[in-house]
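Coming up is one lone chain in structure tokens, specifically the form predicted on its own.
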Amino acid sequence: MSTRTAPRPGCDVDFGYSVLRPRTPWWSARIPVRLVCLALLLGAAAVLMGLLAITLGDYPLTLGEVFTTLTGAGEDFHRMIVLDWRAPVAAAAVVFGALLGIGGAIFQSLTRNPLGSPDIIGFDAGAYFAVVITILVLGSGGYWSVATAALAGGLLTACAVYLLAYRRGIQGFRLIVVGIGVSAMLGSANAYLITRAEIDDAMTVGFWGAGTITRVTWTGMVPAAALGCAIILAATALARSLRQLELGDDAATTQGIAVNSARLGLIVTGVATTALVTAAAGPIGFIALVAPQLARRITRSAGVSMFSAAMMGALLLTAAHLLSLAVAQVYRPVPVGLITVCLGGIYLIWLLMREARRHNGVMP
């Protein structure tokens, strides 16, 4: 393993930052030191906020009591509060935020547009629509039924958007515009189904649609975490293909990348991230949109990195969860999805204005 900041004549390019190059006879990699260190700091901040969130609730605790309980000591009542009730929610904030960050990084890289994220393109709406059908029409509200419906709905929506946007290839901006239209139609269908449902079912679906992680338990968190690990491994395996696709299909082909297969695998992986979160907690918007761009600006990387986006997504969702708990202390409980929508909406307005000015030549 070596660390280099200067190029070897005729071999390497000087990227302007320290790079670790672990090598074996069968495997090699280029690891930017600055990006990894900053991403790990973001992940550590997310874990710290998760611990702070455990201290808040109807029965407040101190950080010392939380640490004591997590190490296996403490009172039985504290163990029940921390380990059984609050720990799975804090873990869900970290894991789900990381998955949303990965999904956003994948689609923003594929579309080469900062507006490209699963919730903007409409995949969240597709997963939500399938869950509404499953609960209101089919009458099945079990975890695996909802999870399967969310994944199937997200994938079918992705296929529909891809086919509608395809015209001698895929252009990122066209994909986003078509996705926004499909999302609007699915939102209208969801609203119609909810208004025709029984009041109790409509309230259940409406509350679930606001996006909340407070009802997550270990029963649902363990399978979600297992599936999330599988998705993260798939994203890691496809990371090289994603970097090559950013250079264009022709350049990726010359590097030995099967473009169509790689793009299909990335789309399925990206949809799976948002579908899994939607199945477990409901649609949580704007984390996938904001996390990759904030991570890119903090790490000053040339492109969108899935690792830094995952850590930033975990930080954003744990911060939103902590804010929702703080609001509940003085007002009433607020679903974390509403907080991410309110804050993310401000970012989206700024991003749209920035992109419009850039396309009009006002700014570089």
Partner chain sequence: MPVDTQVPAGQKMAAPPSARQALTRRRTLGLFTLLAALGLLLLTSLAHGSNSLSYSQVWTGLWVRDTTEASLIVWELRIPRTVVGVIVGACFGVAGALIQALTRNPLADPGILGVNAGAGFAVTLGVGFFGLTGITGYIWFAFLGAAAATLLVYVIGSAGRGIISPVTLVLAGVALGAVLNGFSTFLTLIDPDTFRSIRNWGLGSIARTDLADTLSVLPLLLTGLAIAVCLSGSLNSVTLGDDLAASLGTKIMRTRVLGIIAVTLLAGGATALTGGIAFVGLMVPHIVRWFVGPDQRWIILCSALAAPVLVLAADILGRVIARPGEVEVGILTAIVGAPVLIALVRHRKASGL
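Source: prediction; values computed, not measured. Positions refer to the first chain, counted from 1.
Another form exists, predicted in complex with the partner chain; not displayed. Remarks below refer to it.
Contact with the partner chain in the model of the complex, defined as a heavy atom within 4.5 Å, holds for exactly one of 133, 294, 267, 164, namely 164. This chain is displayed alone, yet in the model of the complex one of 156, 202, 227, 262 has a heavy atom within 4.5 Å of the partner chain; that residue is 202. Within 4.5 Å of the partner chain in the model of the complex, a heavy atom is found for all three of 184, 333 and 349. Stretch 191 to 199 is the answer when you ask which of 237 to 245, 191 to 199, 70 to 78, 144 to 152 has residues with heavy atoms within 4.5 Å of the partner chain in the model of the complex.
The partner chain is not drawn, but in the model of the complex it has a heavy atom within 4.5 Å of residue 174.
Shown alone here, residue 206 lies within 4.5 Å of the partner chain in the model of the complex, counting heavy atoms only. In the model of the complex, at least one heavy atom of residue 338 sits within 4.5 Å of a heavy atom of the partner chain. Contact check for residue 115: a non-hydrogen atom falls within 4.5 Å of the partner chain in the model of the complex. If you take 209 to 225 and check each residue for a heavy atom within 4.5 Å of the partner chain in the model of the complex, you get just 210.
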